[in-house]
Structures are given as C-alpha cells and as structure tokens.
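Encoded as structure tokens, the following chain is the form predicted on its own, with no partner shown.
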C-alpha cells in the first residue's frame, strides 16, 4: 500500500527514538526485530536487559542496535523523579513515591520523553489503555492550546476517488464520549494535523451531523455549527466545513445540491464525528461492510506522541504504529 510505504520511508528518514515499555512481550520483540532490520526507528526497549535478551533468544529474535534500559536501575532515575515531583507538586507527590512509580516502565517511558531522551512511545499490547495513558496525561500533558486527547483512525477505502487517494481520517473514534463544542473544535484541528503529518495531504475537514447547512434544527446540530466556527478561529487557514451530512461530505453530486460552492463538501478527507458513539460505529461499519483497512487509533493532542495498541494487535500492527509514532514525532516543532 503506497501510503504505508511512504509512512515507513518518512520514519526511516526521521530516525526518531521510540520507547517500547513492554520489553518482555513476544509480539513487541518480533516487531522490534523487523523495525531494526528495516531501519524504521531507533528503539529503546524497557525491562531487565538480561531477561529481554533471554526472551529474544527463545523467540529467535535479534535486537541488533536496540537500546535496552532497566527502569529499576537506570542512572537517570533521580533526575526523572525530581522532574516528576516538580510537575506534580500541587498533588503532593514525594520523591520516594516518584522513585517507586519509575519502577513501572509505563511511567519511566513518558519521563524519558519529557527529559528529551526519547521522542515517542508505543505500548498497550499487554496493558489496558488507561494504564498506558494515565502517566502520559500526568507528565507529558497536551499540546499548547489543546485540552483534550482524541483518537483518529486511518481508513483505507477501496476507491481512489474518495478522500485523499482512497484514504480518510476519522475522529474521534476512541477517547471522548460526548465532546462539547470546544472539545469538538480541538478534535477537528488536531485531526487535521494528524492527516497532514501522517497521510501527507492537505486536510479538508468535514464536521459531520444529520443536517447539512441548516437543513435540520436541533441542539445537536448547533454543537457542530459552533464547533466549526471555533475550529476556524483556532486554525484560520484550515479548510473546514460544517455542519455536513456524510454524503454531502464525500459525494460531489450530493455536495453540489446541498452545499454548492464549498471547497470541502464532496472532497473531504477528514471526517469529524459529533460523538464517540457515532465515530466508533462509523469506522467499524466502513471497516466491516466496505472491507476498508482501519489503522489506529492514533492518539492526537498530546505534547509528544504516545500511542496505545489493542491487546489483540499483530506484529505488523506494532511495526506500523511505530512508524506512525515516528512520523508524529517528526511533525512536532
């Protein structure tokens, strides 16, 4: 698939340092071998180095130039703990508590990023989403001007006339159950950034609803209209239109009837859903009925890229998500 090849090529050029906290997980180690052989990223694998090497040997996996780091004994623990205490001072975190937390790779990894010792993180093959994201929320936090984290899916459609050469970006499909209009505006802007950073396209964002340009009146429509206006204020150069029904967003003939003159309607490549419910249902319908490939969720809005895997992920999923994480890291200025 052309875009995946481009994502991997961009990662190879960027050579970002991606930290993998689940150092004893077999799929992660198999993926690490592929990533290192193909020079996709510089890997930092967390855990007891001796045990990691032993597990890799059992699997017949070579870890090449990977950096193995033990969070329990690493010399940077004191520095990281001091940083944690400063960040969580108002929560009463003590140095002793911080040092205990750092024994957990899911806390050590984001502190590596915070200290500038890594560029991104990928975890979740054996850990729940909440356990992966909690340390990130506490210590990495969100981008300037962004208060929420959301999840986007890259949808590979079997029709090059839809979206960007058959690629659509859907959000939010993973995090926010019922975003208010301010949060929805932030989701729109951060998803546009994701599309540009990973897909490499000029984002054309459709704010979806059951109404197109005033065809229906409802408080749920008002939320989308207001979110569209606020997104335009946040990113004046962004091509964004709302509210739009999904057919008006994607089909040129429908767009000409329902939203004539729009530079987004009929040509959208980013679809922002009004709620997690609709976004999650939407991406799974397209995945199952249209036989589209769905990659994600790609977490967006964080001050540094930290992505969460499904616990049912494959080795290929991990390789792809490391490449995506590297692309996100390369896009952060």
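Note that this is a predicted model, so its numbers are computed, not measured. Numbering follows the first chain given and starts at 1.
The following text describes the form predicted in complex with a small molecule, which does not appear among the structures shown.
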Candidate stretches 209 to 217, 108 to 116, 235 to 243, 85 to 93, one within 4.5 Å of the small molecule in the model of the complex by heavy atom: 85 to 93
Three-residue site 4, 160 and 166 fully in contact with the small molecule in the model of the complex at 4.5 Å by heavy atom: no
Heavy atom within 4.5 Å of the small molecule in the model of the complex - the one residue of 256, 138, 182, 103 that qualifies: 138
Sole residue of 199, 221, 148, 99 within 4.5 Å of the small molecule in the model of the complex, by heavy atom: 148
Interface membership of residue 262, the small molecule in the model of the complex, 4.5 Å heavy atom rule: no
4.5 angstroms heavy atom contact with the small molecule in the model of the complex for residue 129: yes
Exercise: residue 280 in contact with the small molecule in the model of the complex, heavy atom 4.5 Å: yes
4.5 Å heavy atom contact, residue 133 to the small molecule in the model of the complex: yes
